[in-house]
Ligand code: BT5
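As a starting point, one isolated chain is supplied in structure tokens, in the form predicted on its own.
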């Protein structure tokens, strides 16, 4: 789909602007640069192919041409969003879970930023910020979704099991329909970010709730505990023995025990 056609397709959504690429290194990099150059709120960068996509800790995110969704949304944060920027990752995850539900798929959110179907990763989310001194100027919400089976890397290249929308549905799915639905749901949930409704929805879709997991923070020894839920800022709350421990965002790896 070219830029003009995509612009018409997304016309029901009040985008601040749109840049669509046949191929690009990273949609998040493009969006961060655009944000520095005055991009309006809810401006979108999307690509049919991403050659240098990344997740947290700059891990590679594969986006083969025409097989996946790769997009980044620029948000100019309100006062409440600036106070809780860590909730933006949840905003993207909850919206995508709802969009997948509309296709008949049950998805869960593996804290802090992955979306799973049947305990296999179908999407990753990367929220990055742009600051001017101590003022948060923009948040770039990057989302990558494995839509067709061709978007899933070979098992030998994976650190966690992966899947695609096509594999879970048993049929092909139109990726731009999923894009439009996800954007509409981001706008929907954004209005509820400050009310506590978003956090509640994130909690309800949290993977491994009530189950034992291992959490690595950087190079530290794994912390083993039972997933209890989320704190008000989106941090993870674990029950470790007879006490509760809060795991904050950062260099985190979470796996089922």
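Residue numbers count along the first chain shown, from 1. This one's a predicted model, so the numbers in the text were calculated from it and none came from an experiment.
This protein has a second form, the form predicted in complex with the named molecule, left out of what is shown; the following refers to that one.
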Please state whether all three residues 86, 205 and 234 have a non-hydrogen atom within 4.5 angstroms of the named molecule in the predicted complex. no
Select, from the options 110-118, 131-139, 95-103, 178-186, the stretch whose residues sit within 4.5 angstroms of the named molecule in the predicted complex by heavy atom distance. 110-118
Please run the contact check for residue 80 against the named molecule in the predicted complex: heavy atoms, 4.5 angstroms, yes or no? no
Partner proximity in the predicted complex: residue 61 to the named molecule, non-hydrogen atom cutoff 4.5 Å: yes
Residue 74: heavy atom within 4.5 Å of the named molecule in the predicted complex? no
How about residue 26: is it within 4.5 Å of the named molecule in the predicted complex, going by heavy atoms? yes
Check each residue of 126-145 against the named molecule in the predicted complex and list those with a heavy atom within 4.5 Å, in sequence order. 126, 142, 143, 144
